[in-house]
Ligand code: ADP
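Okay, here we've got a single chain as structure tokens, the form predicted on its own, with questions on binding and movement later.
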Amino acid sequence: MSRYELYAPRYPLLPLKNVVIFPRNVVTLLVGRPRSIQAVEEALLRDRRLIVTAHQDVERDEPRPDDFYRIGTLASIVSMDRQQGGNIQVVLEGLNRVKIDQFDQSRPFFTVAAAQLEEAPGHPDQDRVLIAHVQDLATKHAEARTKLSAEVVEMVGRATEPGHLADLLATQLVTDVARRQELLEMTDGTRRLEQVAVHIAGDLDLAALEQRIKARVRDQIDKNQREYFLREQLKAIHDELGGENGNEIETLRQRITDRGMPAAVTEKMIKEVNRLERMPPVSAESTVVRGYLETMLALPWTERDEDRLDLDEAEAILNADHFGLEPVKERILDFLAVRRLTANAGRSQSSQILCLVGPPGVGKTSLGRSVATAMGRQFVRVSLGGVRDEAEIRGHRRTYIGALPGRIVSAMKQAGTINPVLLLDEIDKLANDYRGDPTAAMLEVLDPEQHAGFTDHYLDVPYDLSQVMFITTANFMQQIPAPLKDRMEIIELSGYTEDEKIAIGQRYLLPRQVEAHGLGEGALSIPDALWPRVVREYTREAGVRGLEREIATLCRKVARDVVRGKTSTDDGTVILDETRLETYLGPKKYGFSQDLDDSQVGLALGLGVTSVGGEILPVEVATMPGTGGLTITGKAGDVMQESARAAMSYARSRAEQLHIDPHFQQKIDLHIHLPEGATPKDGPSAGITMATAVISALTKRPVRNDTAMTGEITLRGRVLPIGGLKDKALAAHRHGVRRIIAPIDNQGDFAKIPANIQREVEFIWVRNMDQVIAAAILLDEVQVESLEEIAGPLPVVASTPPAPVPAPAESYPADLASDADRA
């Protein structure tokens, strides 16, 4: 009988990479190439049979007939499942070895004609002995390598044909593609089984070698452990012989006992020392325990600073460090006075939490340092800006790698006393995300009823914060979470007036920068007449950081002139004049964008509060032919847009009294614009400003350009109170405005405004929008008479009649538009 039997039909060809399928072997494949998918689908349409063969070159994605092995396997498709992305998963069962004779490339996939390869006849006695030997090798391999499952071992034990047994074991144990293809091409089952036996025997020898290597490594580890214990015993002997130094563990126990911790904390730490004693020093856990013990021992438990309760000395220190800020200084002195009385009476004083709220650069952080100096306590600053992880406050549990205590405990460790002044900076910048809410962790820190037992996750024991004086700082009160705000006493710090900035520059900033730049005392002299120009023309801020930067620039330029010998006097002093000022600092940076001497139609000056203090907020309104459209530009927020619509409604309701065409909305469009359009603006206190500008544009009557205003408007024209009046008054005064229209409900804030501004600025307190129009718009006599019938007499409140103040030679607009006008 011939060894070859030709198949008449052609079969689809499924090329495989790195896969060789043996007869009677079931394989699951993921098919993704379009050509291969079409071959599988063609086989399903026919008799579910196809030819599989391996690539000779696996790197070639589009193989040619010469790239395939000619010996393959006829396989039957057991099942097919379509996957996402267009791929299909097929389960194939090998049937027979075949030899591929012809390739047909006329279709999108290969079809081939193949002849079946018959097994060569064997020798029964020889095969029986060989099968038994291979079964024994397979059993040993299963014990040594555990690559063969119990089911496969059972199938191997039942095998009676050498070819079938060879194919079964080659499928399970041979991984090299070339070697598998070589076994597939062997038609002699006995010879094929002998090759598999050689492979298994070689793998068993390799497994035995690995076991010998592991045994030697294990013996070496045992030896190292014995040496370790011997070294530890020797170390103990040396410690005993050392006398006063004693054992390290005993030293730790003694330090804990002498530290004066609470009994519960001492007991817990002794347990940790006992754990440490039983651990190998080189273990990772030993390092964690040692770090924990050192952290606990480094924390202050009984150390404290004696409070300096001399009010006169404390007041002198506060005045020497800071100019102005009288309300804050008075509150600190009140605290010290109460502290002194309770200390004399033997009562405990619960710690007070002060929150200093104000724009950047007004001295909030430095004030905390001065308070610590005045009280004779340690000062530590903790920055909270951008903290999102609760573990930053409470610490990480020691189960985590690299665990550390939180910022509060770290600050106490840095202070070294149990009663420092702890400044929590930028508490309004706390955030939260999936890692937790740090605000919730701060509640325990700042609550006088809870912080006596503050628990840090790293310490895992209560730690007393009741004797700490907490001072927090923030730029915006509205951004402080309400539960935190409820636990703090809010002290607002407004921006400095021009006179205060000049005094601070002369007394503090200039001497400090002269010393920092290596200049001698008196090396730079700035005449009194030039200080206003430095403040007005080169800075625009509520604080003095920008002023200090400009002074530092002056000192750098002076240092260069001193080195080159270009001084104003023989003794090396540089006297600043107008020419040198512009040479050193360049052209002025700030100036007015509109002329305050000219009143304009459709232009009203509002007042807002930004992150750097108060600012002027111009509102422009233009009319044009249209059909009643309203456009608002300048990046106005939702609240400000609602104020604009309320202003429009009020203008329509007063059309008759103001002699405006009642049907103006059907004939014209209005465009409201807030200059500096790239800066977001929001808040209700620009309501009366928008209404005034709209009515000015509709009546064609100009708005007084020496007048600024602030107030929220209702639909019926009522003027509601706003916030930040002091900051707004400072901004108006800085810009040369000498009339301010404000809600009458804000009269109580008048006392907070500096005396020089009270003298130089006329404050007009109003109840409704009619009074605002009468005070701000230059109406004709008929309009005034009509409006007075409704508005009534116009109240004007000022400390004294406003003195005539010449407008500054230059006026300055808002360099930062209102980003959050918080009413």
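Don't overthink the numbering: it's just position in the shown sequence, from 1. Note that this is a predicted model, so its numbers are computed, not measured.
The same protein also has a form predicted together with the ligand, omitted here; what follows describes it.
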Checklist entry - Is Pro360 one of the residues lying within 4.5 Å of the ligand in the predicted complex, judged by heavy atom distances? => result yes
Checklist entry - Even though the ligand is not shown here, does Leu459 get within 4.5 Å of it in the predicted complex, heavy atoms only? => result no
Checklist entry - At the 4.5 Å heavy atom threshold, is Lys485 in contact with the ligand in the predicted complex? => result no
Checklist entry - Would Thr365 count as a contact of the ligand in the predicted complex, using a 4.5 angstroms cut-off between non-hydrogen atoms? => result yes
Checklist entry - Which one, 712-720, 275-283, 85-93, 319-327, holds residues whose non-hydrogen atoms are within 4.5 Å of the ligand in the predicted complex? => result 319-327
Checklist outcome for this item: Interface check vs the ligand in the predicted complex: of Tyr508, Phe664, Tyr590, Trp531, the one with a heavy atom inside 4.5 Å is Tyr508
Checklist entry - Can you pick the one in Arg545, Lys635, Lys413, Arg308 that has a heavy atom within 4.5 Å of the ligand in the predicted complex? => result Arg545
Checklist outcome for this item: Taking the ligand in the predicted complex and a 4.5 Å non-hydrogen atom cutoff, the residues of 496-515 making contact are Tyr496, Ile504, Tyr508, Leu509, Arg512
